[in-house]
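As a starting point, one isolated chain is supplied in structure tokens, in the form predicted alone.
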């Protein structure tokens, strides 16, 4: 118990440290050829490790939708000689924290541990990576949790809207369906299916690693080979591009609720596009997550049509999207959509003011250092940078890239990115006076 308290106290100290103006990132290559990024911080005897496998739930085998999600959720439900309870007790006794997660494009494993327990914590983590038990009772227990989520998704307007949007947009691509799978596909999954799913996504040819904390380059190199060296050399083939095929217009999904919800958008811009930062600043002005955006001003503040409306860039691995979301009373959703369309058109036609541009850049550059508020957060950022192909100096040059965005850049990217005629709205609810094109 005292060890767990000690871990919590050290983690709190790591989180309470000042935002870092610069981050010294070293690239470490293990004797076995595995590469990782490292930020050494020896003032606290604590390390955060982040492991990410590109591909994620999009690598589900045909007919096995939901297998990678169920596999990921079951990795800590017993490994090696330990059943689920024994594994949890061993982890807690070491005051370690492990996390397992999956998205459309990535599967991740996170670990946080004290220096004094590093070897034991990593040995336990290794069993979950290489020797998960997938005991039938554990699989069945986690399966029921997933099935509960799937049932809940059928009754949540936001989940329904997202599912309808994805299904209409992505056709036969894995993006078209929920990574949770369906009730039927999940019910049919066996422990052997989970073992096969693990080998599809957890392979050396798609792994990225970062470590932040009380660990040296030599120690990290040895750790990489011990922890990941025995993984399969290659995993499943990546899916191809996901063309965005959602027809422009309004698509209504009838659902009994006093408030309609909508997801809207069209194609976006790639993360490595030279105009990405201009698009990022432009979106902050149009609908980024602040109360000063144009959409919030026009839809919420002036007309009271919603509590919140947002837009955001979504550069996925196989598709680039520009999306937004809004909720409004059934009798006001039609007007909210009309205003959103008008603002989409206005920013394309008129651009932005100098004040809007400077305010957006000030907000984005001021908020960025606040992300670096602890070892685990930094490790997560570093591995994300690797997956998206950013260089190690990005954390130190990113704000300069934002500051460099000019009015000419904004006008150019607005003409490229903003497509009022291509906007698609998927509305779930009973919107009065809103005729869907479906």
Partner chain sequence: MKRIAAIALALVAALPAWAAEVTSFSLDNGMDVVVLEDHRAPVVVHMVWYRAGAAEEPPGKSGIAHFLEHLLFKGTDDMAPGEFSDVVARNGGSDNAFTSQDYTAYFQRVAADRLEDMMRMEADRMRDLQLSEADILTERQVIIEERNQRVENNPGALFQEQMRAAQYLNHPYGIPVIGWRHEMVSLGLEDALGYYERFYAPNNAILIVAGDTTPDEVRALAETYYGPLEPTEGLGPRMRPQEPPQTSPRRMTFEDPRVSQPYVSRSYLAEPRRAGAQEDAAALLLLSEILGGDSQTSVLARKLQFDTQTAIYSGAFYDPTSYDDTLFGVSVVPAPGVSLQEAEDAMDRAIAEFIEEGVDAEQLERIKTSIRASEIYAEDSVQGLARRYGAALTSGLTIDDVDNWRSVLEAVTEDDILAAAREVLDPDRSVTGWLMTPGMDETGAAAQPGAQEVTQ
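A quick note: this is a predicted structure, and the numbers were derived from the prediction, not measured. Numbering follows the first chain given and starts at 1.
Below: the form predicted together with the partner chain, not depicted.
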{"query": "Partner proximity in the model of the complex: residue 89 to the partner chain, non-hydrogen atom cutoff 4.5 Å", "finding": "yes"}
{"query": "Interface membership of residue 352, the partner chain in the model of the complex, 4.5 Å heavy atom rule", "finding": "no"}
{"query": "Residue contact check: residue 372 to the partner chain in the model of the complex, 4.5 Å heavy atom", "finding": "yes"}
{"query": "Partner contact for residue 154 in the model of the complex: the partner chain, 4.5 angstroms, heavy atom", "finding": "yes"}
{"query": "Answer option from 162, 127, 185, 292, heavy atom within 4.5 Å of the partner chain in the model of the complex", "finding": "292"}
{"query": "Partner-contacting position among 332, 348, 204, 316 - heavy atom within 4.5 Å of the partner chain in the model of the complex", "finding": "332"}
{"query": "Site test, 46, 85 and 376 vs the partner chain in the model of the complex, non-hydrogen atom cutoff 4.5 Å", "finding": "yes"}
{"query": "Stretch in contact in the model of the complex with the partner chain, which is absent here, among 100 to 108, 165 to 173, 228 to 236, 323 to 331 (heavy atoms within 4.5 Å)", "finding": "323 to 331"}
{"query": "Residues from 244 to 261 in contact with the partner chain (non-hydrogen atom within 4.5 Å) in the model of the complex", "finding": "253, 255, 256, 257, 258, 259, 261"}
